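The chain that follows stands alone, in the form predicted alone, written as structure tokens.
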Amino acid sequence: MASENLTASSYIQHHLQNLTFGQHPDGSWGIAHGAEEAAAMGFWAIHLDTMLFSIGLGILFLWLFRKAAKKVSVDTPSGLQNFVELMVEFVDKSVKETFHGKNKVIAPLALTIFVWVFLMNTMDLVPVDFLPHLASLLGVPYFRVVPTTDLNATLGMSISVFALIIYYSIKVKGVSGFVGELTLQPFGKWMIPFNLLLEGVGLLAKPVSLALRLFGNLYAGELIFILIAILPWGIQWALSVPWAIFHILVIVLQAFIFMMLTIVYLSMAHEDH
């Protein structure tokens, strides 16, 4: 439930504020107490809550899959083993149907992206006041628990995918082939400036679309949960439960879309014209 000491506007702003660490204008380092202080810290400020949950959930993913691999059994598979096998088979099938090159990195990368993004998205189902309230008891002023509602996190992942796109484009096609794709398509050598503009915009749009699609959908979902938390207790349950059930679809779908677009973009990077 919303805190009685906060207005509706302040409550929403509080829950949308990350725990930011950086350098204050006076040269000292510390936690920002408000959006203005966070903005004054500039580009190199770090969102500690985003880092904590994204890294923590990444470690959880590795630990669960390692545990399943160490205790694998053909005769009496555990529930965890069945779940891991289901995930691996699902991702493996998606890669085989979409990726047309030969690269042993793509399937593990796709599995990592899908499970990691899914775990980060799932944090959106935690009641909006639960973890922030526990953090406030420890003196932590802000505590945002869904990493994928932070544009810094989604851009970081999409830029990493973009770096792989550039790397494999140059590796498969060579520098001349990669530059040729950007300058000679689709209208030939007599339209090189126009080709470069068209292809360059298309190339740069890939990481931007990856980041904004994931961020926008999860941010909207988080905001709706916060708005529901402002309402009276009885109405909260009447609205939050149906929205949470529907939001499960959004959580899974956005992880799947991020994974599939990554596979498609890397498949295009392996295609040599």
Partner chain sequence: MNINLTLIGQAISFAIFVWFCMKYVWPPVIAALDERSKKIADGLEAANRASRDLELAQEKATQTLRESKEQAAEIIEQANKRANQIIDEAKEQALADGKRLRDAAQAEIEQDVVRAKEALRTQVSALALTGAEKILGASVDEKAHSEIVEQLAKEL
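Positions refer to the first chain, counted from 1. This one's a predicted model, so the numbers in the text were calculated from it and none came from an experiment.
Keep in mind that the form predicted together with the partner chain is not shown, yet the notes after this line are about it.
**Student:** Select, from the options 133 to 141, 169 to 177, 190 to 198, 74 to 82, the stretch whose residues sit within 4.5 angstroms of the partner chain in the model of the complex by heavy atom distance.
**Tutor:** The contacting stretch is 74 to 82.
**Student:** So the partner chain isn't shown here. In the model of the complex, which residue out of Ile245, Ala238, Ile59, Ala205 has a non-hydrogen atom within 4.5 Å of it?
**Tutor:** The residue in contact is Ile59.
**Student:** Counting any non-hydrogen atom inside 4.5 Å, which residue from Ile165, Met123, Val128, Met157 sits next to the partner chain in the model of the complex?
**Tutor:** Contact residue from the list: Met157.
**Student:** Taking a heavy atom within 4.5 Å as contact, would all three of Thr98, Leu218 and Phe256 count as contacting the partner chain in the model of the complex?
**Tutor:** The answer is no: none of the three residues contacts the partner (heavy atom, 4.5 Å cut-off).
**Student:** Is there a non-hydrogen atom of Leu111 within 4.5 angstroms of a non-hydrogen atom of the partner chain in the model of the complex?
**Tutor:** Looking in the model of the complex, residue contacts with the partner chain include Leu111, since a heavy atom lies within 4.5 Å.
**Student:** Going by a heavy atom distance of 4.5 Å, is Leu119 a contact of the partner chain in the model of the complex?
**Tutor:** No - in the model of the complex, heavy atoms of Leu119 and the partner chain never come within 4.5 Å of each other.
**Student:** I'd like to check something about Ala38: if you look in the model of the complex, is any of its heavy atoms closer than or equal to 4.5 Å to a heavy atom of the partner chain?
**Tutor:** Taking the distances in the model of the complex, the answer for Ala38 is yes, it comes within 4.5 Å of the partner chain.
**Student:** Heavy atom to heavy atom, is Leu227 within 4.5 Å of the partner chain in the model of the complex?
**Tutor:** So Leu227 does not count as contacting the partner chain.
**Student:** Along 16 to 46, which positions have a non-hydrogen atom within 4.5 Å of the partner chain in the model of the complex?
**Tutor:** Residues within 4.5 Å: Thr20, Ala38, Ala39, Gly42, Phe43, Trp44, Ala45, Ile46.
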